[in-house]
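Encoded as structure tokens, the following chain is the form predicted on its own, with no partner shown.
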């Protein structure tokens, strides 16, 4: 129980800045009191409790699972299965991202169905899967991360020159929401676990940076989709 109250992580302190900003603008800028204070307090409690459960779930489940599977694949020495696993993790986590679903649905509504939400989500997920696979290969080879990232964003700039204006901003936003609550924990665990399992790799230097590969590749695939459709 002592550990429970301690973590309840810390979670309350994490939301204090956000609550403070809302209270300041509501009371001192707008100059109005809260109409239903008990409902707001209940909502705040649910937010803190939900954040606590989410973080405990990551620590107890997703992080250890991702690291253990990375260790297992590295121990078996089958690079191709490892790359398939990395790509599958990238695809599956991206397709489940709530923010991606929301933006893709909004894009479909605004374009009156010209851009399909289902197709957009899968296009982004394929881009993330490709990026995570390339990033995993980088960890295996031990190459510096910046060469890959620079190459990726160079391709993004080239694609931006040819993509329709209607798709550019959407592609950038869709790439931004891919690295969110579902994707980050598993991909981070995969990178750190893999770097820890390969001789000569430093988990801090080689393990981190894998999430960066999930940003430029979705921009490229979405803009390619826009070139083909718009």
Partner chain sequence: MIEFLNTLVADFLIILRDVAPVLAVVLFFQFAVLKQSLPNPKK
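No experiment lies behind these values; they were computed from the predicted model shown. Residue numbers count along the first chain shown, from 1.
Here the subject shifts to the form predicted in complex with the partner chain, a form of this protein not shown in this document.
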* Residue stretch of 127-135, 110-118, 79-87, 156-164 approaching the partner chain in the model of the complex, non-hydrogen atom distance within 4.5 Å -> 79-87
* With a 4.5 Å heavy atom cut-off, would you call residue 93 a contact of the partner chain in the model of the complex? -> yes
* Asked: With the cut-off set at 4.5 Å between non-hydrogen atoms, does residue 27 touch the partner chain in the model of the complex?
  -> no
* Does residue 180 reach the partner chain in the model of the complex if we count a contact as any heavy atom within 4.5 Å? -> no
* Consider residue 168 of the chain shown here, and say whether it contacts the partner chain in the model of the complex, taking contact as heavy atoms within 4.5 Å. => no
* Structure fact -> Only hit among 204, 199, 46, 38 for heavy atom within 4.5 Å of the partner chain in the model of the complex is 46
* Asked: Do heavy atoms from each of 65, 72 and 186 fall within 4.5 Å of the partner chain in the model of the complex?
  -> yes
* Relative to the partner chain in the model of the complex, which residues of 151-165 have a heavy atom no more than 4.5 Å away? -> none
